[in-house]
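We begin with a single chain expressed as C-alpha cells, specifically the form predicted on its own.
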C-alpha cells in the first residue's frame, strides 16, 4: 500500500497543480498580448500623426503644386501665396549652426567625464549638466534675448565682419543680434545635456580590457581614447548626436524669441530667419478666416515632421554603413 501511495503521489500533485499552471499561462498570454499592443501603438504613433497632418493639410496640398509650396519664397497669406522655402531654410540654418557649436564641446565634455574626471568631480558635474535639460525653453529664450543677442550685436558681429566681412557667410548689412547665430547659440546650450549624458554613458560602457590592452602596448591615454575607446563607442556617440539634432529641429519657444522671425532665406549667420516651429507657434489660431491658412500651417507641421524623420532615417543608414560588421 505504501508503495502504491508513493507511486501515485506525483500524479496527484500534478493534477492538483494543473489549474494553477493553466491560470499562470493565461495571465502570461494576456500580459504578452497587452505589451505587444502597447508596443504596436507606440510604433504606429508616427504614421498616425503623419496621416492626421496629411488629412488636415490636404486642402492646400490639392490647391497648390508641391513644387510651389516647397520652393517658393513668397509668403503672403492674404494673397493666397504660401511658399515654405524661407521657413525650411531657416530651420536648417539654425539647426546646422547649433550642431556645429554644440557637438565638439559636448563630445569633449563627455570624454573628460568618462575618462579623466575623478569620481568626486563627476558626481558634482553630472547633476548640474542634467539640470540644464530641465530648464524651461522660455527661460533659455529670455537668457538669449538679454545676453546672447546684445553680445552678438555689440561685439561678435563687428569683430567678425571686421576680419571676415568679405565672406558671404559672415556678411550682413544691419546685424541686430536677432538671427541665425543667436538661435544657434541658444539651441546649442539646450542640446548640450542630451548629447553629453548619452555620449558619456556610451564611452564609460566600453570594456576596461580594451583600455588596458592599448596602454599595455605603449599607447598614451589620449591615443587609447581616440583610437580604441571612441572607435568602439562610435555608434552610441552618433546616436547621441542624432538625439541632439532631433531636439534642435523641434525646439520652438527659445528659437522664436531670438531668431528674428523674418520670412526670408538667410544669407549669413547674422541674418534673421524664421524656422517652421516659430511659424506654427506664432500664427496658429490667428487669422483662421483666411482661406487655406489653417491648412498651410498644418502643412508646415507635416514638412517639419518629414524633415525630422528624414534626418533620423538618413543618420541611421549612415550609421549602419559606418559600423563594422561583428
Partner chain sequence: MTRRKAKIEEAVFKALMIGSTAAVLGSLALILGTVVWRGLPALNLDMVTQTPKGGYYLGKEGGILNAIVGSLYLAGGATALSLLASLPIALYLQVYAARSRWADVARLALDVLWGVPSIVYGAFGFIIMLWLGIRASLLAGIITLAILELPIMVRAMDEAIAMVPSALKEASYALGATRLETAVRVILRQTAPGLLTGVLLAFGRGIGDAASVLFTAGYTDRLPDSLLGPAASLPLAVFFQLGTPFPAVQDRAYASALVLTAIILALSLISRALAGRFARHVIR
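None of the values given here were measured: they were computed from a predicted structure. Positions refer to the first chain, counted from 1.
There is another form of the same protein, the form predicted together with its partner chain; it is not shown, and what comes next is about it.
Heavy atoms of no residue among 151, 156 and 167 are located within 4.5 Å of its partner chain in the predicted bound form. Contact between residue 63 and its partner chain in the predicted bound form is not found at the 4.5 Å heavy atom cutoff. Although the partner is absent here, residue 79 sits far enough away that none of its heavy atoms falls within 4.5 Å of its partner chain in the predicted bound form. Though the partner is left out of this view, residue 293 does not reach within 4.5 Å of its partner chain in the predicted bound form, counting heavy atoms only. By the criterion of a heavy atom within 4.5 Å, residue 181 is excluded from the residues contacting its partner chain in the predicted bound form.
Partner contact region in the predicted bound form: 222-230, out of 222-230, 169-177, 70-78, 88-96, criterion any non-hydrogen atom within 4.5 Å of its partner chain. Along 249-284, a non-hydrogen atom within 4.5 Å of its partner chain in the predicted bound form is carried by 250, 252, 253, 256, 257, 277, 280, 281, 284, in order along the sequence. By 3 Å or more, the C-alpha separation between residue 312 and residue 134 shrinks in the predicted bound form relative to the form shown here.
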